[in-house]
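Consider the single chain below, provided in C-alpha cells and representing the form predicted on its own.
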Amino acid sequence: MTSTTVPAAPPAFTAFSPDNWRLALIAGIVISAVAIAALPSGVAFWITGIMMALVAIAATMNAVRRRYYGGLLVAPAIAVLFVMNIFPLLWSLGLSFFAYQSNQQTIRFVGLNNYIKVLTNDLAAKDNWAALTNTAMFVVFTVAAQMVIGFLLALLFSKQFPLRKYLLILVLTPMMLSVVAAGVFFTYYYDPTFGILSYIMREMTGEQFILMDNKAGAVAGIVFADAWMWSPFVMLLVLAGLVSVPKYLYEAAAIDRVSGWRQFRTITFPYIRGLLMLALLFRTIEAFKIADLVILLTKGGNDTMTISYHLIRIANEQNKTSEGAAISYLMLFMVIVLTNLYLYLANRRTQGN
C-alpha cells in the first residue's frame, strides 16, 4: 500500500505565521498606504519596498510548505515581470494623482486635477486635442497603406518565381532595421539639396522640390516611411495564411471553372481573415504610439505633432511629470477601448459565420 502525503493546510487568516501571505499582503498594503500618505517620499519608498519583499517571502514560504513547486518555478519570471512592467505602471499611475515635476523635489496630492487640466484647460486641451487628431490621421493613413501594401506583397510572394527567396529577404530588411536608422535614411532621402527624391523631381521639373515644407508633404513623407518599414510585417502574417490554404481546393475550383474573384472570396479570404484582423490590431496599436519618425523627420513641425511626441515634450522637456503620466493613461484607456472594440467585432463576425 502506498501512502500519499497531504499538503499542509493553509494558516488561518489572522494567524501570525511566516507563510501567511494573505495577512502579509493586507499588512503590506495598509502600512505602505500610511507611509506614502504620512512620511517623506524617500522613507515611504523604502518602507513600501520592504513590505513588498515581506509579502514575496511569505508567498514563497507558503508555496514551499504546501508544495506548490510549479508556482516556485514561474516565480522568478513573475518577479521580473512585476519589477520591469507592473511596478512602473502602478508607480506612474500614482504619479498622475500628484503634482510632481522631475526637476523639483516637492510632491503633493491633487487627485484628478491633472486629468481635468489636460482635458479642460484651454491651452493644454487645445494642444492635446490637436495632437490626438493628428495621431488619428496617422493611424488611418499608415495602417491603410501597410495593410494594402502588405497584402499585395503577400499575394506576390505566395507564388513561386525565380529569385523569390532573395527578393523576400530584401523586402523583409526594412522591418529588421531600427527606427532611428530608417528615420535617418529618409531624412537624407527627402533632403531638398542632395536627396534622391529631390534630385529626381528637379530633373523632371527643373525646380527644387521640398517635400516637407507643408503639412500634406510632411504627412505623406512620414506615412511612406512607416509603411516602408512595417508593410513586411503585415505581409508575413498574410503570407502565413496564404501558404496554409490546401491546394486541392484551388484544383477543385479550377475543375468547376470558378472565377478567380470567387476563389479568393470563398477559399483564400477565410484562411487569411483572422490574420488580417490580427495585423490590423497590432499595427493600429503601434501607429497610435508613433513618435520616433515624427521626431526624426519633422520634429512636430507643419502640424504633425502626435500625442506620443506631445507626451514626450511635456514629461521630458517641460518636466511636467504628473501631467505626462495623466496623458499616458488617457492614451492607455483609448488603446484598451480600441482593442476591446476590435475583439467585439471579431467575435461577432466569428459567431455570425
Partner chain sequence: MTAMTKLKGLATVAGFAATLFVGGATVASAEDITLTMAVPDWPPTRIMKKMFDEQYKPASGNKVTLDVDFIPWPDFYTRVNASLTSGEQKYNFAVSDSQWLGAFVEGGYFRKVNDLIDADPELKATMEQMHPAVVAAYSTYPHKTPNYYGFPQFPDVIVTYGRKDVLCNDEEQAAFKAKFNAKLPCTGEEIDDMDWDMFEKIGQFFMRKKGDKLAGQVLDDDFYGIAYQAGKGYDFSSMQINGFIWQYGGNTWDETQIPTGQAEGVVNSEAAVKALDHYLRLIQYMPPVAKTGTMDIFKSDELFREGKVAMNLDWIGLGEASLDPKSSKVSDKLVFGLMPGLRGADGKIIRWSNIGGQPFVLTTWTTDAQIKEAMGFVKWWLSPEIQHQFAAGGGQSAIKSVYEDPKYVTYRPWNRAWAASLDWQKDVWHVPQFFELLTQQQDQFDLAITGKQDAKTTLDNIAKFQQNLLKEAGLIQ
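Because the structure is predicted, anything quoted here is derived from the model rather than measured. Numbering follows the first chain given and starts at 1.
Not pictured, yet referred to below: the form predicted in complex with the partner chain.
Would Pro192 sit within 4.5 Å of the partner chain in the model of the complex, counting heavy atoms only?
So Pro192 counts as contacting the partner chain.
Taking heavy atoms and a 4.5 Å cut-off, does Gly300 contact the partner chain in the model of the complex?
Heavy-atom contact with the partner chain at 4.5 Å: present for Gly300.
So in the model of the complex, does Ser102 come within 4.5 Å of the partner chain, heavy atom to heavy atom?
The answer is yes: Ser102 has a heavy atom within 4.5 Å of the partner chain.
So in the model of the complex, is the partner chain close enough to Gln208 to count as touching (4.5 Å, heavy atoms)?
Yes, Gln208 lies within 4.5 Å of the partner chain in the model of the complex.
Give me the residue from Arg202, Arg273, Arg164, Arg265 that has a heavy atom within 4.5 Å of the partner chain in the model of the complex.
None of the others qualify; the residue that does is Arg202.
Which pick from Met212, Val223, Val245, Leu236 sits with a heavy atom within 4.5 Å of the partner chain in the model of the complex?
Of the candidates Met212, Val223, Val245, Leu236, Met212 is the one lying within 4.5 Å of the partner chain in the model of the complex.
If contact means any heavy atom within 4.5 Å, which of 184-192, 236-244, 134-142, 274-282 contacts the partner chain in the model of the complex?
The contacting stretch here is 184-192.
Output the sequence-ordered list of residues from 300-325 with at least one heavy atom within 4.5 Å of the partner chain in the model of the complex.
Result: Gly300, Gly301, Asn302, Met305, Arg313, Asn316, Glu317, Gln318, Asn319, Lys320.
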